[in-house]
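Next up: just one chain, as structure tokens, the form predicted on its own.
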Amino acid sequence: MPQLIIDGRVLEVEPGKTIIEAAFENGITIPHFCWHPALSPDGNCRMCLVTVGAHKKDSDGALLYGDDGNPEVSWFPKKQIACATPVTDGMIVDSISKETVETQNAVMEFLLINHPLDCPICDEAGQCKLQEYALVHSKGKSRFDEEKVAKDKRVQLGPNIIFDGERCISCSRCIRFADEVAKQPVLTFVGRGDKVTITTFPDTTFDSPYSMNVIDICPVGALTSMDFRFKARVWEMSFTDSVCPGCARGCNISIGVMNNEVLRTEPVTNMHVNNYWMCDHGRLAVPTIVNNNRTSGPMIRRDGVLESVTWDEAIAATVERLKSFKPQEITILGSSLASNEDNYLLAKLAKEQLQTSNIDYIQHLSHDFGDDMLRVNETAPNAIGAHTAGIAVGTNGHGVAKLVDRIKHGDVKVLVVLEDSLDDFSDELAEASAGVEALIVLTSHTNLTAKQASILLPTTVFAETEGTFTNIHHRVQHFSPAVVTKDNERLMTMKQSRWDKFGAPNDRWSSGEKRDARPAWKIIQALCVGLGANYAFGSSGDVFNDMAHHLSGFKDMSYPSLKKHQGLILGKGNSPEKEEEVYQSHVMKPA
């Protein structure tokens, strides 16, 4: 393999690699704007200019060394761009000398000549590559006294993206993404020269299902989200790594929260799952799932009306109802929308405490949703996990497919539903469920089934609790709470953004609702204990450890190992994939 020296480090790299790729794979950062590991090199920002040379040789071909023992180098007369210069054997690269840094500083001065001072109103402020390099690779002043070039602002490139031409540094990342990844080549440069800008081709719009990824890879604030625009500053929010519940792919995401609301969702790089990307559907769905139409506070139906009660009253009433019916009269519906931990304890409730085999879950399939990139037709995040955790699809004629007939014949008198709304399966099932003697609903959202419930037990969503999902490729992935509830308030004290943490009661940014909801596993454990079990799980991690002990697929797994390896495959808890260098577009982004 070719051997090169970068800043004194001797590296061996694969043939065909460029200098910047070789540096990145070995933990060396070379300044850049236009380069991205998932896109073809373009070489137009010039920020990655480095000094390149080769080892000097004498007339006999012997390598020459100085008195200090270091190689004598014959440097090329001009700087080379690291993103488009292939590595050759014996190449020597310098990216940190005074001369090289001065060249990079000069490029920054050039890029900032016409750039507007929009930082106070720019959504990218605080996580902007131009700001980062203006701090590290800039003289802090400009010699340009002429009037800056004015370009179009607030240009809508698609249904979700706003473009600001003045902020654009013409790196072409968005153009290459549209061409190479989204497979919708509708973006292009026009007006070459100092008036250059980006636009869509005539009669086209950038409406790819993955269009909003250009917001993440844009190194400046030229591309912003219509959904998030002007809602918050990056330093005002807390960020929590999580898993997208939009489909069974399980894309890794970061959730941005302020005022106890999810304001923004971004992809987190996981080369085993979603690479650097996520779809627009998941990005826009997460804030809606967490913020809207939520249940809060347990309720019991009395005289035909749902009334608010305490948690102790609700749990006691649920236990009393379950005790008063025979096992074969009770049907349990787990959920592919709920975590592995929730489904595991629900299966134990059914099989060990209630001793019923009437257990199933509703599948969520949409044959129009999947594509050849990330989206899959299973639109719930955890169907495989629900099955593996013990919610087996009914094969004894007592599954959800036969539930309507069994309710009508009086065979089912108690129905326990986790997370789903029964009209997701069929309107007929939703109508029939209203006729059971007890409809016990554990749900995070106010849906049709919640409105029909005899007892309503509000549950947290994935962003309010800790747990795991198992994706379509059998990868178990961990998620953490990002939003505060009354149940997790003590745990979340140190995870909140500084504005939420230190806001006064009269501050509008610290008045977000803290819902009275509990993780489903915790509610189910209380029901099990009321029915005679001796469970004492103190956290979802304890539940997961019990799963790892009793279920072979989860053997050798734990929350720390899942977080360390960005997920583990079922049955392979002791053989994780090789860890790779993870590319971060904004290295100075606040934690």
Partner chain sequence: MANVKTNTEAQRLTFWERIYLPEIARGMGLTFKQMLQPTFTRQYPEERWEPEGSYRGRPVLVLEDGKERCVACGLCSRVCPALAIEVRAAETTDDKERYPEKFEINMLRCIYCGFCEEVCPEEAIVMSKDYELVFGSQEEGILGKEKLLVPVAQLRDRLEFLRQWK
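Numbering follows the first chain given and starts at 1. Owing to the predicted nature of the structure, the values given are computational and were not obtained by experimental measurement.
Below, we turn to the form predicted together with the partner chain, even though it does not appear here.
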| property | result |
| --- | --- |
| Site test, 121, 233 and 509 vs the partner chain in the predicted complex, non-hydrogen atom cutoff 4.5 Å | yes |
| Interface segment, criterion being heavy atoms within 4.5 Å of the partner chain in the predicted complex, picked from 171-179, 500-508, 478-486, 458-466 | 500-508 |
| Contact residue in the predicted complex, from 408, 229, 195, 183 (heavy atom within 4.5 Å of the partner chain) | 229 |
| In the predicted complex, the residue from 323, 154, 302, 148 that sits within 4.5 Å of the partner chain by heavy atoms | 154 |
| Non-hydrogen atom contact residue 129 with the partner chain in the predicted complex at 4.5 angstroms | no |
| Proximity of residue 375 to the partner chain in the predicted complex, heavy atoms at 4.5 Å | no |
| Interface membership of residue 167, the partner chain in the predicted complex, 4.5 Å heavy atom rule | yes |
| Contact flag, residue 258 vs the partner chain in the predicted complex, heavy atom cut 4.5 Å | yes |
